[in-house]
Each structure stands twice: as C-alpha cells, then as structure tokens.
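In structure tokens, one chain follows: the form predicted on its own.
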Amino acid sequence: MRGERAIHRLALVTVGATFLLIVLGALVTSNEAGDSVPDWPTAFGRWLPLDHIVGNVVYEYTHRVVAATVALMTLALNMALWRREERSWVRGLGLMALLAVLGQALLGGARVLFLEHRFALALTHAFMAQFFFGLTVSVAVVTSPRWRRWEARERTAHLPAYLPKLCGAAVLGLFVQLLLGAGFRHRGLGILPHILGAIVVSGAILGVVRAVRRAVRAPEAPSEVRALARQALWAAGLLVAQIALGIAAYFARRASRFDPQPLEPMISLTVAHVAGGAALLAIVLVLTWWTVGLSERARAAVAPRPMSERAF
C-alpha cells in the first residue's frame, strides 16, 4: 500500500511539472524566444552557458532544463510502475508517456535545427505536449487510492452508456482546439478555425456537464458518481474562464500587432489562455476516465492479476 501511494504521489508531481512545462513553452512562444538558442541539445555549445542566459534565452533555456527534469521524472515513474504495478495496462500507459516525452524532446530539437519546417514542427510539438500531459493525468487517475478502492469493489453499471462517448468526444475536440490555437499562435492559421472550434468544444463540454449532473441526481448513485458533479462544475467554470481569457488575449494581440516585440498584457493573457486550455483538458480527461469506469464496470478488464501471471 505504501508503494502504491508513492507511485500516485510521483504521478501527481509529474503532472504538476508537466503543467509547468506547458506554461514555460507558452512563455517561449509568446515572447518569440524559440530561436534565441541556435543549437540543440547543447546551448551555445555548452550545457550550462551562464554568460548567455539573458533576455529571451532565459525562457528557452529554462524550458529545456524543466523538460529534461520532466523526462527524468517520467523515467522514474516508469521504473516504479514496472517494479510495483500489477496492472499491465497501467504500465502500458506509463510506457506511452515515456515514449511521448522522448519524442517531444526530439521534436523540440528538430524545431531548433530545421527552421525550414518551423511551422509543422512547432504544431506537432504543441500537440505532443498536450498528449503527453494527458497521459500523465491518466496515470495519476488510475494509480489514485480512490480508483484502487473502486476496482476492489463489486461493481454494477451506474451511468448511461452514452456518457463516456460524450466525454471522449469532448476530449478529442479539446485536442483539436488546442492544435488550432497553436496554429494561430505560431501564425500559420487564422483565428476563424479557432473560434469555430471553441463553439463546438463548448457545446460538447456543456453537454457533458448536463449529462453528469442528471446522472448524479439518481438516489441510488454511489459516492463515486456523486463526486463527478464537482468535477463537472469545475469543467464548466474553467470553460467560462477560458473563453474570457481567449477573447481578452485576442484583443490584446490585436492592440499590440504593430509593436516591435511582444509586450504585456498580451504575453500574460496568452500564457494564461494556454494554461487554462491544459487545465480544462485535464479535468475533462479525469471525467472521461471515471465515466468509462462507472459505466462499463468490466471487472475482468480492470482487476489486477496475480504476480505470477504478469506479462513482461
């Protein structure tokens, strides 16, 4: 039990560090600091170029250091999972996260070295950042004590079968929307696709919130189902905040479009909007995991297997 809690804590710390990494990436993009360090994986030919860490280099170099730290944390999480986690599918999630963060590092390096493919690489890099973040959130959910207690119980279906599909559609829409936002920030796409995407995603999330709140009104609903109501309210609140931040960031960008370099408040509003998008993705992904679990309730699919049956 102590080892299981340690794994969950490490997963939560990895989620927090990854969220910080996304914020730092947004600072790099918003300050147009992506080209401030001309080489990779070293910086100005060294691992610690103290005399060069000024101006925009601070953002880019800090982003690299935190990215390396997150990669090491993901490696440590995988080692812990393979030593103590009996569920092969959870170990598979951890392995996917490790491969994703390594791929993300290579994409970041390619973004620096191959400037002729800057937009395509930057867009892929932005998508992979959110994909990796989603994987870390998933590992944190399924290693939590609450999830483990749920797995140990006798289970019956409590949620309608359509709800996990609705949540999954909202998650997919959020990924597309985050990609469209990255395209706009990197000046490869206009604002119209991002606005249309926001309308579609908002409808999907509000549909999830309404369906969850309807499901938890049932008097026989267990505590796990009732807990989804709070998560749904968080999703609704984050959605409203995200729309407001997006509008504010757009008009701040319009007002400063003739400035020689990015200035406040455009930088802060854009970074907050990116952070809000990641937070909204996380909460809807948590909702998706729990709606899948509470509607499917397939004991054979989630019950841990004996150590003698583990596949290596």
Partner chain sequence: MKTWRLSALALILALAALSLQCGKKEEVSEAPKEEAAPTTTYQPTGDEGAIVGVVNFTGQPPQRRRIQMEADPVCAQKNPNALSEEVIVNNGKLQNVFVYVKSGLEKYSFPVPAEEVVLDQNGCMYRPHVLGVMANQNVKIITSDPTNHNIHPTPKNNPEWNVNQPPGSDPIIRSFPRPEVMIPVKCNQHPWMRAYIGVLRHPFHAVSKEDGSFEIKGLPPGEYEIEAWHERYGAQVAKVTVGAKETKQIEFTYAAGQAYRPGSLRLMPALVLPCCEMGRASISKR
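Just so we're clear, the structure is a prediction, and the values are computed from it rather than from any experiment. Residue numbers count along the first chain shown, from 1.
Keep in mind that the form predicted in complex with the partner chain is not shown, yet the notes after this line are about it.
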- Message: If we define contact as a non-hydrogen atom of the residue within 4.5 angstroms of the partner, is Ala68 a contact of the partner chain in the model of the complex?
- Response: no
- Do Lys165 and the partner chain come within 4.5 Å of each other in the model of the complex, heavy atoms counted? yes
- Wondering, does Leu50 line up within 4.5 Å of the partner chain in the model of the complex on heavy atoms? no
- Is there a non-hydrogen atom of Phe44 within 4.5 angstroms of a non-hydrogen atom of the partner chain in the model of the complex? yes
- Message: Using a 4.5 Å heavy atom cut-off, which of 269 to 277, 51 to 59, 239 to 247, 282 to 290 contacts the partner chain in the model of the complex?
- Response: 51 to 59
- Which residue, Leu99, Ile195, Ala229, Leu72, has a heavy atom that falls within 4.5 Å of the partner chain in the model of the complex? Ile195
- Note on the structure: The one residue among Leu233, Ala76, Ala120, Ile191 placing a heavy atom within 4.5 Å of the partner chain in the model of the complex is Ile191
- Task: Spell it out for me: taking the partner chain in the model of the complex, does every residue among Arg87, Gly103 and Pro145 have a heavy atom no farther than 4.5 Å from it?
- Result: no
- Item | Residues in 197 to 214 close to the partner chain in the model of the complex, defined by a heavy atom within 4.5 Å, in order | Gly197, Val200, Ala204, Gly207, Arg210
